[in-house]
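Shown next as structure tokens: one chain only, the form predicted alone.
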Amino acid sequence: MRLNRIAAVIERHVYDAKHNLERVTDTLYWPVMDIIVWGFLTLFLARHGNLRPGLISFLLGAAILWGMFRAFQRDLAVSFLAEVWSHNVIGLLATPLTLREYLSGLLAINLLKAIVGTAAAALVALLFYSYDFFPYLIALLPFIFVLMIFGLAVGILVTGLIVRYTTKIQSFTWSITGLIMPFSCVFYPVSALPGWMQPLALALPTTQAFEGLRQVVAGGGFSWERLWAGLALDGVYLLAAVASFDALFRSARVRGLLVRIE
């Protein structure tokens, strides 16, 4: 891989963000809005005496991390859609840029955007609800990594589907996390789910990460079992996503869809 080509992909999206307010809004608006909504809920529960100790940390911490996961997955696919919307896909294919270099550039720029969005959400939680997420950060970094890898896998899969089936399914970019969320146990433990849903939930890295978050916040210590399970599942999903992307890309190329994607 050539670092200058990866840097060119990053620069292209930085330039786009400077001249497209929508990109900046997506990075900051939804993470901050999630915290505002969940923050008001915690205030409501506190005023009515229904707030157990540690519940604020559970709810707001989970909202911050889920917003990070959703934004990272979404922005990976949206970055490719930006090339489609600007009719720049053929231009990319005409350059020496490889798929690996392109995906590496997208990964770098969207990781930066996810960090900015998460930091903004954590700052709002601190300023308006006196919830300090940062002391938990070091302990939660391994679980954040689990979420990022799974977000990468989902983003790669959705991008591959767009390459193969064009913008007819671009709504998956925003809706797929909605399908995953009920099984991810973001705001409730696995035990709250019906019996038939629990095996499906435990098969997701997101569930392992949020169960680990709850254990850390509750003072139960760091769960190595949850971490290793999450990383193992990440590896399976990432390999499957990369293989699917490769197959979808080759299918689109054979069918001539790459020059007609819109």
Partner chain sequence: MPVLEVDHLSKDFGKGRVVDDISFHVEAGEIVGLLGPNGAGKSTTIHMLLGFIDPTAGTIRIFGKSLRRNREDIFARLNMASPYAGFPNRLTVFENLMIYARLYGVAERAAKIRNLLGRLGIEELETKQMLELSFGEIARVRLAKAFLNDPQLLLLDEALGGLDPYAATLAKDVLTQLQREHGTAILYTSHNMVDVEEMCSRVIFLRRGRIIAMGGPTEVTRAILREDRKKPALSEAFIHASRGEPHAVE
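Numbering follows the first chain given and starts at 1. Given the structure is predicted, the values throughout are model-derived calculations rather than measurements.
There is another form of this protein, the form predicted in complex with its partner chain, and it is not shown here; the text below is about that form.
Contact with its partner chain, judged by heavy atoms within 4.5 Å in the predicted bound form, is confined among 165-173, 149-157, 97-105, 131-139 to 97-105.
Of the residues given (127, 90, 192, 179), 90 alone sits with a heavy atom within 4.5 Å of its partner chain in the predicted bound form. In the predicted bound form, residue 11 approaches its partner chain with a heavy atom inside 4.5 Å. In the predicted bound form, its partner chain lies within 4.5 Å of some heavy atom of residue 254. Using a 4.5 angstroms threshold between heavy atoms, residue 20 counts as touching its partner chain in the predicted bound form.
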